[in-house]
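Encoded as structure tokens, the following chain is the form predicted on its own, with no partner shown.
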Amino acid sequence: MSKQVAVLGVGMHPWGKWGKSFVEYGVVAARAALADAGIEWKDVQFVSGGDTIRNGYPGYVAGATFCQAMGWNGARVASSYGACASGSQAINNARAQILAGLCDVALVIGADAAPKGFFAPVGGDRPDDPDWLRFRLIGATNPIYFGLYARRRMEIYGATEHDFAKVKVKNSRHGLANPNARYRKEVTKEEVLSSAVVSDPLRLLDICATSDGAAAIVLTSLDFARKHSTAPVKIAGVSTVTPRFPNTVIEMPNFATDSAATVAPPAVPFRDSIARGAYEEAGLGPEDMSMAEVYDLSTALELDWYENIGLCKPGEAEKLLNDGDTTLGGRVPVNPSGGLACFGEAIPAQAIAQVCELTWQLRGQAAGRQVENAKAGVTANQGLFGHGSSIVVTK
């Protein structure tokens, strides 16, 4: 049985700090996706929401929250939470409903109204919660982890602050023409290197912001899509894998790794396994990808993802960057949208927004940032507590 479903419509609410409810953002994105698909709200049979736990009870039941805001239509509903992988889980739930023959038309929505500054744990005292502990016990905010990963890359592969700064320069250039991006300003390497140190060796312009924003997609069966489009874009593979024991590279929010004293590490490390799962479902490989949208929480993490998704071997990401392979016009542009560097984090919307970008690219609708002759793309994302997230999108 084919694992493919069609992306019939995509829509977004621009990223920024708007001071409104995440529900309002989600409705804007949903209506845009429905209009893009050429269908009406009453045609939607299943709604899959990405949860946003910092926005109260409505955020914990995002699927139903969006249904009510759109106007109850009797659609079946589900809500998903996997931190920054919430959007991919919501997509996977909708895809499963379609492939099981339970519906033909599904709407996937993710939206967030993020706090100012960095993310903090939700309220209450939970001394057995590693996410609570890493903030309260050792003060390890998210940028602390980003800095540790960056320092690891420098020690193992010889990366430099100049390499990290070049990632920001590239992404800022890509995001200039993106109407949904929050930051649409080109920056120089010197500006990155002169910005304030946040978590050594990373500086302010190396680290993504927190943002408000939303993204939505209309997924349908291929048969339904062919009645409404001559060449629908398809989701060919979705990966929501977890690590295999022992996980010997630290992952947020933990502050210790598994021991490999008695059990050897897996042949494929966790982050490498994320995109691999999507490739295997799609029957494609990294060599087939025209572009990638990856989770650039920091400039250094983008370099890690080049290797994790198979664009190059370990230790070769800096060469890929410096040779211009990952910029628009290069062999495999990475983050043609501008990435989180230009958007910031709106947690449940991120993985969905990546699919929106790949869809526009594959349709040839990414004006000002178009990847030439785009045929397929891959996303990479990751949520706290071992939530992998990767999606392969094809023509």
Partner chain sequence: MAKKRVPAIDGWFAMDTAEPRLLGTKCSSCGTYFFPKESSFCRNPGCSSTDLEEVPLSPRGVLWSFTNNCYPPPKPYVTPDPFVPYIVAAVELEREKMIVLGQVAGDVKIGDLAAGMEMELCLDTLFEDDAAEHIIWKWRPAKGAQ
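Residue numbers count along the first chain shown, from 1. Just so it is clear, the model here is predicted, and its values are computed rather than measured.
Separately, the form predicted in complex with its partner chain exists; it is not shown, and the next lines address it.
- This chain is displayed without its partner chain, yet in the model of the complex the stretch 149-157 from 308-316, 280-288, 149-157, 210-218 comes within 4.5 Å of it by heavy atoms.
- Although the partner is absent from this view, L137 contacts its partner chain in the model of the complex, with a non-hydrogen atom inside 4.5 angstroms.
- In the model of the complex, its partner chain sits beyond 4.5 Å of every heavy atom of N180.
- Using a 4.5 angstroms threshold between heavy atoms, T242 stays clear of its partner chain in the model of the complex.
- Residue contact check for T141: one or more of its heavy atoms lie within 4.5 Å of its partner chain in the model of the complex.
- V198 is the sole member of L193, A96, V77, V198 with a non-hydrogen atom lying within 4.5 angstroms of its partner chain in the model of the complex.
- Only one of V187, L176, C103, A120 comes within 4.5 Å of its partner chain in the model of the complex through a heavy atom, and that residue is A120.
- Contacts to its partner chain in the model of the complex (heavy atom within 4.5 Å) from stretch 251-288: N254, F255, A256, T257, D258, S259, A260, A261, T262, V263.
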